[in-house]
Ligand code: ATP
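Just the one chain here, laid out as structure tokens, in the form predicted alone.
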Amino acid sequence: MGKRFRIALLPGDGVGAEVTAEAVKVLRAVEPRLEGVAFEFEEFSVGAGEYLKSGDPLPEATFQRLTEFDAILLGAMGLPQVRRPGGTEMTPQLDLRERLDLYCGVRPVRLYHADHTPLKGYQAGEIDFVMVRESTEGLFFSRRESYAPDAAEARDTMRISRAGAERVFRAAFRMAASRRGLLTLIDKANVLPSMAYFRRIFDEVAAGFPAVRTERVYVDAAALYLVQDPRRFDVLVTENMFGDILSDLAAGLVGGMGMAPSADIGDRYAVFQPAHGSAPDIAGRGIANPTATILSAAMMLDWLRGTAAGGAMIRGAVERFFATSEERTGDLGGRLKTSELGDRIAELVGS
């Protein structure tokens, strides 16, 4: 008997709709190559545009519908000019992480062509690591707090809970065990008591994974090492804000945000999206790089039961495209349109 997967599409704002369309195109190309598998897509309006229409970037009725789906594929959300009264942007993607308890933020970083990196001497595949970011607490914990405009100061609180740290560490250890067997903790345990606590829990969890080698690196040193020698890393695990910052740095090593897929995974639900923002300055021009979204769709197939072969097909198609074609989107120095790159990847799927 076949399996039908229901996928909720949240194109969002800016270039979100453009890149999401290409991911769907590639998924449709994979679909007939997965025996007995079918995808059913349904689109929902979430984001800054929805806020301008209804006053709520993530309407409650929409949220409840999203819990009925097998997975969520998200484009990009937020617009710089659309802000809440306190001055922050619309971030329903963070609401989804928190409300669906998507504690494991997974950010794969892989170099697909030597020309994509600003570093000298690196070839395709030589930069290949995964950043795991705790996505439900950390310094983002106090993001809903407000302060008076005339306040003498403002404070944000970093929350590290034992339960939250243990579960993301276990996920990271399992991931490292399935790769090259090295897990690096990124923290600031020399200064912040919350980070010393974070490290202590890491050490406790590490005892249960004796086959995985571990190292501990302060976040400032990690930024240095990522630029000096990214080959030293396999899987990195860190707090929410540190992961937010370092994952952008890591994307810069392999071609930028257009090459940066991501997933936010919980015990029951998962959201897959490119790590980039809505890029309103190029929205509607058909020049955004959809690779990150396409690779995020591959991660979705890795997560859905029985479709991992499709994820491998997509990654293989991306790898073959960048290895054999001189065509590129504008962010990588070429003139290829968003839809044209989607066409190329879809054509290569399964070939």
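Predicted model only: the values in this text are computed from it and were never measured. Residues carry their position along the shown sequence, with the first being 1.
Although not depicted, the form predicted together with adenosine-5'-triphosphate is the subject of the following passage.
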property: Answer option from Met257, Ala171, Val205, Val212, heavy atom within 4.5 Å of adenosine-5'-triphosphate in the model of the complex; result: Met257
property: One residue of Leu52, Ala309, Ala38, Ile282 in contact with adenosine-5'-triphosphate, assessed in the model of the complex (non-hydrogen atom, 4.5 angstroms); result: Ile282
property: Close approach of Asn289 to adenosine-5'-triphosphate in the model of the complex, 4.5 Å, heavy atom; result: yes
property: Thr238, heavy atom within 4.5 angstroms of adenosine-5'-triphosphate in the model of the complex; result: no
property: Close approach of Ser278 to adenosine-5'-triphosphate in the model of the complex, 4.5 Å, heavy atom; result: yes
property: Listed range touching adenosine-5'-triphosphate, judged in the model of the complex by heavy atoms within 4.5 Å, from 270 to 278, 195 to 203, 225 to 233, 120 to 128; result: 270 to 278
property: Contacts with adenosine-5'-triphosphate in the model of the complex - residues in 320 to 342 whose heavy atoms fall within 4.5 Å; result: Asp331
